[in-house]
Structure formats: structure tokens, C-alpha cells
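Coming up is one lone chain in C-alpha cells, specifically the form predicted on its own.
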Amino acid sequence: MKTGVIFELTRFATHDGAGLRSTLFLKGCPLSCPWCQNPEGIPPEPLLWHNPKVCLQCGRCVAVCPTGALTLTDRIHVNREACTCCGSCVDACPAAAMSISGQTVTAREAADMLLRDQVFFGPDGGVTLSGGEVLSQWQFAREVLDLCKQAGADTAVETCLLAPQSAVEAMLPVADHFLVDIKFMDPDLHRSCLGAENHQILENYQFLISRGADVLVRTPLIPGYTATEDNIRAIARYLHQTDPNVRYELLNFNPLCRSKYDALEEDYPVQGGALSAAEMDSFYDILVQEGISQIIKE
């Protein structure tokens, strides 16, 4: 049985597909979106997590660290090159300020986690795999969803589609829905901002459409990055040309993830808060102008 590395399980989720869902987050992502809502999910390996808001600054974690990866000055600082995620600091911390983001589980264990609340899914809900990037662990993900489908659960995958087409094809029999992120249409912007080109993403999207998959396309509206008229118009035009019946959702910027970057001692580059209702309406108008008829609103 396949094993995979996961970092979070959300129960009674309402934004990861239709109805009430259990969402499992898998580690590892080939993109490096500067605004990522789950930065702890980008590296494929486990990651030491320090919460400075509850830290007592007692220094016990520093004292027990076998590699000297921790120092205490104004806060606990983590030398990630030296940290082996052994867990000694987690066990020693009296305030539970230290934790390890990422654990290895079998596909059966992952499916059992997702199916525990199956009685609450109702006719529309189900299970969703998210990340990170699900297709970075596609063999594990496929086995998890296969087990969930055998139990009668509706299944969905959230993905950026940056993966070999063979990985996408392997998910078709086990994923009832694909929630696909398309962030930039311009390949140069995609490469400079996200660290990879988008041709494979677009080819995989066209492949899903050609196979009749149930697809919802989403674009996060990030101030200073994706939230421009040119970008949204270009994506909408491409989507309508590829599939006139496309369902398209614009995701308003959520600034709450800034605390995660503070915990990781990283700067968060996006300024400001969520877009106003008027700003959202202006983007919806663009979609209408480009022929998008099935606009999904949060």
C-alpha cells in the first residue's frame, strides 16, 4: 500500500468543492507562489513549525536540540539546514509552541481520516485532496481516492495541473471533480512569479476537457500579482475558447496566512487586504464581457 506525506486535515470544509467535505492536504508543490496560503505545504518533507504567539521563551527546546538548530533571542529561531525534525523540541515544549508539519501515512489511514465524517457529507459533499500539490504524490493520491470511492464517497482534487499528463490521466477514474487553479495566462509572468512555465498546465487542462472531466477553474485574485484586468481577461478568453461551458470562480485574496509566514520567519510580499465588493464586481464584469456564463461566486 502506498504511503504519502500529509500536513493537515480539515473537516466540514465548505470551499473545497460542493457541500460539506473533509479535505486532506498533501505536502510538496512544484510552484513557488509568493502568496501561498499554505507555505508549510510547499516542501515535500516534514517541517518544524514554531508558534511565537504561544511561546514562553523558556529555552527548553534549545537545550534539548541535538543539532543546535535552535537559538533564543527575541524569539526562537530555526536553522532549517541543521534541523532534522527529530521532534525533541516538540516533546520538551511546555506550551506546545513547537510542532512538526508533515506526517507519513498509508493510503488506508488517509482514507479512514477522510471517511470518518462521511455520515455528514449529505448528497453533495464528500472528500477533497488538496495541498501543496496533489499530483506531486499522485500514486498515493490515486489509492486514497480509490478507497474513498469504494466507500461511496464523492471525490475531488484541487490541483495546479503542473504534472505529467500520465499523472492527470491516472486520476480520472477516481476523481469525480477537478478544481483547477490557473493563475497567469502570460507564460513569462507565470515563470517569473511562480518559478515554472504554464504550458504543461494548459495542456493538462485541455486534456481534462477533452476527456469530459468535471472541472471548475479558479483564479486567486492577488493584489500586485494576478488581480489585473489584462490577466483575468486573458484567462477568461482562453477558457471560453477552450470550453464555452466552463465554470469559473474568482477567489478573493485572504490575508490571514500572514501569521504562517511569521511563524516560518519569512516575509509576506502581498500588501493590503481582501478586494472590496466593487472591485470583485469589476472582475466579474470582465468575465461576462469575455463570454463566461457560469460564474461561481463565493
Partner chain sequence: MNQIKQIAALPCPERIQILKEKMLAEPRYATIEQARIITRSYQATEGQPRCIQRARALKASLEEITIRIEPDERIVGNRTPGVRGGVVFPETGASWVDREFETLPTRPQDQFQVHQEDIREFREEILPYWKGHSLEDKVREAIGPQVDEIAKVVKINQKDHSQGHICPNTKKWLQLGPSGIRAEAESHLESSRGKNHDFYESVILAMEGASRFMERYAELAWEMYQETGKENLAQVARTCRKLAVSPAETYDEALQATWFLYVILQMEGNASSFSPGRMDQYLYPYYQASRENSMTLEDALELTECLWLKFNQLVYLRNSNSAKYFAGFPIGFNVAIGGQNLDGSDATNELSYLFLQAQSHLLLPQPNLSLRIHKNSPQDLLETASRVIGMGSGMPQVFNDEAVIPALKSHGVSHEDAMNYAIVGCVELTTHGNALGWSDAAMFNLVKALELTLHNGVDQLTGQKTGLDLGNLTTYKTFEELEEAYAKQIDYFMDRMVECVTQVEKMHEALLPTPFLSSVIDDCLATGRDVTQGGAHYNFAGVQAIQAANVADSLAAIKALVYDEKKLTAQELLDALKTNFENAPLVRSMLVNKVPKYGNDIEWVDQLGAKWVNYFADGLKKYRNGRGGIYQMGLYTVSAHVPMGQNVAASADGRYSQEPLADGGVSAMAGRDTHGPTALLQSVARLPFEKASNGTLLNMKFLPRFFKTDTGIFKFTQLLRAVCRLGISHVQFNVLNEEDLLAAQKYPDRYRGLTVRVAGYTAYFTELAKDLQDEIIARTTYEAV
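Just so it is clear, the structure is predicted and the values come from calculations on it, not from any experiment. Numbering follows the first chain given and starts at 1.
Although it is not shown, the form predicted together with the partner chain is what the next lines describe.
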Counting any heavy atom within 4.5 Å as contact, can you tell me which stretch out of 77 to 85, 138 to 146, 95 to 103, 195 to 203 lines the partner chain in the predicted bound form? 95 to 103
Residue within 4.5 Å of the partner chain in the predicted bound form by heavy atom, from 123, 173, 152, 212, is 123
Could you tell me if all three of 191, 243 and 284 have a heavy atom no more than 4.5 Å from the partner chain in the predicted bound form? no
Given that the partner is absent here, does residue 260 sit within 4.5 Å of the partner chain in the predicted bound form, heavy atoms only? yes
Is residue 255 a contact residue for the partner chain in the predicted bound form, using a 4.5 Å heavy atom cut-off? yes
Though only this chain appears here, would residue 60 touch the partner chain in the predicted bound form if you measure heavy atom gaps against 4.5 Å? yes
So, in the predicted bound form, is residue 116 in contact with the partner chain at a 4.5 angstroms heavy atom limit? yes
Interface residues of 47 to 63 toward the partner chain, as seen in the predicted bound form [heavy atoms, 4.5 Å]: 51, 53, 56, 58, 60
